[in-house]
Every structure is written in structure tokens, then in C-alpha cells.
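The chain below stands alone, shown as C-alpha cells; this is the form predicted on its own.
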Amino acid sequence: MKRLLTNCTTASGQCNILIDNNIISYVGSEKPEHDELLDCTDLVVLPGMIDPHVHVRDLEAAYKETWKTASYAALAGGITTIMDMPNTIPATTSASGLDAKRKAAEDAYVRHYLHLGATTDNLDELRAILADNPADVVGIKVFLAGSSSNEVVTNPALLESVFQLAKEFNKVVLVHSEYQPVLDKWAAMAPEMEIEFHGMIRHREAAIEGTKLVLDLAQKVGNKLYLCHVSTQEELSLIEAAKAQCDHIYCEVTPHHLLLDDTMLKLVGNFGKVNPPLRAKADRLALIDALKRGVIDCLGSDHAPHSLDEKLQEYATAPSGIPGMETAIPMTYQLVADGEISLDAYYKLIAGNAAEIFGISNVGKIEPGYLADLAILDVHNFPPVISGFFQSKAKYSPFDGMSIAASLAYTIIDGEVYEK
């Protein structure tokens, strides 16, 4: 079946796009023969977002989210490929954990890849898994601190061994860089265990010191390093300096760190409790500046859903994390609307760079021969975020009530149209 998208606004200008079954077969000004037509007048067409940072949950935490509900949330947000983090229950740190996740992921409606998790004693098991060259495994995640049901690795020698393993099998090491020893120091000094002190309890020094550690190791080993959810000016300076020395250092920003700051916490409470914390306005502006200068490579939602009851607990017991897939593109498109970055740069931020970094072929671009995974935006309709309407099981958001910059008109995956 041939579907023609007409009058599309893309990074290269106005064009028509022909989808032949699940492949983009033509991009240009002509109107090739087709079976169905989709008029995209006044709509902006993006490559479907490739989200490197998703916590699907499922398995023993299926009450928080399942692969089915996560898929609907992704499609509602224009995300067509997701990469799932390993800190599930059971964790993706062993062959049995990987098999359990693969079984659960049979319910997925989106393209999906998996990250393995490093622990203090599973290096041999990771090697055995990677020796089979699994096509669905694209990275190894390392947590330098506790965040949500994960194991912590802080020993530099062990971290170096993980980096060596990743280099051997050409996998990306993804790092949550908050460093547990530093967190322990600052948590002991917090005046109160309340949400407004979250930034002190998980002090910026922890992210900075952890980033220094892994940047030094990656430059020594030569493996691909991907720093998740960068949140401080100091981290950006360290990363930019490292990037000037080598070409295998990458970093990610989340929509919430890019668009929100810690002044929100008194208003949204635990709905804004994330790790690393929302930072100061100066950090947020530094992230935007780094994005404009090409220091930041990818947008990652860090979709981390919890039940509403869990988030309404007292600060000390409420888990960190927010649902992020349905707001990632609708909120961050504001950067394009405001002229902060070009549409072409936005393409790379949400899709093209991730495809290249993680070695995923035939996605992330709007070109002939690429899979027909597209996000089509209405940039003239700005309804507010209403988390109660989310496809995710997590019905809360720090963005609640804010106007979006663009709404999803259609998401196309594998040539098929998903309408929200």
C-alpha cells in the first residue's frame, strides 16, 4: 500500500513524502502514484523520536506501567523507538532477567531495544550475553548512585572493567552520574527531608564528581560513553572539554531539566521529584545554550512512571521519577518555535543522533530508504497538558496545566498511522 503525505513542512522545506508499505520511497515536489493520501498542510513532519532513556517497568512493577501502556504513551508523544533501562524487577542484569524482559516486551507496539545493567558481580554474565551478539541489546547502564530499584557501582577499577567490556563488544555505556559517596555526605547535612531540599539532599557535587570519574575512564579506555540527564553547568563544561579531546563522548538532556527549575518544587511537590533534581534557572539556561552549541547530543524522556498513590506519599518515601514520553516533543518543540535551534538540529536531537550513537539503522531520518517512522505536529494548536488524559498509567506531571508548543496530529510507525 502506498500512502502519500502532501504539503509537508520539513527541515528541508515543503515536500511530499511517499510511503510504500513501511518504507519512505520518495521525498520531493512531485505527487507519485498512491493508494491513500494524507494532507499535511500546515503540519510539521519530524522523524519519529528515538528515546534512549525509558523505564517501562512491567514485570513485577506492571501496576506502574506495562509495555502495552508504555507503547501507547510513546505513540501519543510521537516516539516510535524506545530503549528500556535495566532497573526493572527482575533487573536486566542476567540472562534470566533479559529473557523475562524480552517476553514482556512481546506486547510492545513500538520499536524497542534494551540496556543491560552492570552490578558489582555480573561482569562474566554480561560477557556471556554479549558474546551471542544480541541485536536488541544496545547499551550497558551503570548507576553510580541509588535511584530506583537499582544496584550501585562506584569502584573505579570495576567501572573500568565494565567500560573495557563495552568497548570489546562495541556497546554504549550509559551512566547515571550522581556519585553515591557524595550523596551520602550531603544527605547527612540536609536541614529537613522535604521536597524543597531535594537539590541539597542530592547535591550537584555528586553529579559533577561522578561525571569527572567516568569521563576520565572513558578517555582512558576509549569506549562510547553516554551521560544521562545532564543537569548542571559544571557537567556541561567537563563534557565539552572531553568532547574536544575525543569523539566517543555523548550526553543527553531531559525535557524537565531543560524547561523546569527548582522554583517549581513548592508548587508541584513530589510530582517534580526526579533524580538528578531539578536545578537552578542558571543551569537550565546553560543547558539551552549547550544545546544551541551542539554540546548536547540527544533528548531522552527519562520516562519513569509511578502510581499516583506512591507519589502522594511523604517526600522521604515517595519515589523519584515522572512520566515523560507524552510531553517530550510537545513541550520541547518550543525551542524550535522560539528560534533557539533549527528544525534540522531538532531532528538530530530527537532521532538522528541517537540512531548513530546506538547503531540503529534505517531510522531517524526522512529520506528514501528509511523506515516510515514519523511524528506529525500541529504547531497551531496549544492545549494545556492534562495528565489525567495520559496513555501512561502514571497520571501526573510537573507540566500539568502548561500550554504545549505543538500537539501530535499523527504518529506513523512502520507506515501505519496512529491517531491519538
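If you're wondering where the values come from, they're calculated on a predicted model, not measured in any experiment. Numbers for residues come from their place in the sequence shown, where the first is 1.
Another form exists, predicted in complex with a small molecule; not displayed. Remarks below refer to it.
Task: The single option of Leu260, Leu116, Val336, Ala304 touching the small molecule in the predicted bound form, heavy atom within 4.5 Å - done: For this set of options, the contacting one is Ala304.
Task: Proximity to the small molecule in the predicted bound form, single hit among Tyr226, Phe143, Phe271, Tyr346 (heavy atom within 4.5 Å) - done: Comparing distances to the small molecule in the predicted bound form, the residue within 4.5 Å is Phe143.
TODO: Within 4.5 Å of the small molecule in the predicted bound form, counting heavy atoms only, one of 132 to 140, 315 to 323, 101 to 109, 242 to 250 shows up; tell me which.
DONE: Contact criterion met by 315 to 323 only.
Open item on the list: Given that the small molecule is not shown alongside this chain, does Ser147 nevertheless sit within 4.5 Å of it in the predicted bound form, heavy atom to heavy atom?
Closed with: Within the cut-off, so yes.
Task: Thr92: touches the small molecule in the predicted bound form, heavy atom cutoff 4.5 angstroms - done: Although the small molecule is absent here, Thr92 would stay clear of it in the predicted bound form, with no heavy atoms inside 4.5 Å.
Open item on the list: Taking the small molecule as it sits in the predicted bound form, is Ser71 in contact with it (heavy atom to heavy atom, 4.5 Å or less)?
Closed with: Output for Ser71 is no: heavy atoms all beyond 4.5 Å of the small molecule.
TODO: Examine Thr80 and determine whether its closest non-hydrogen atom to the small molecule in the predicted bound form is within 4.5 angstroms.
DONE: No, Thr80 is distant from the partner.
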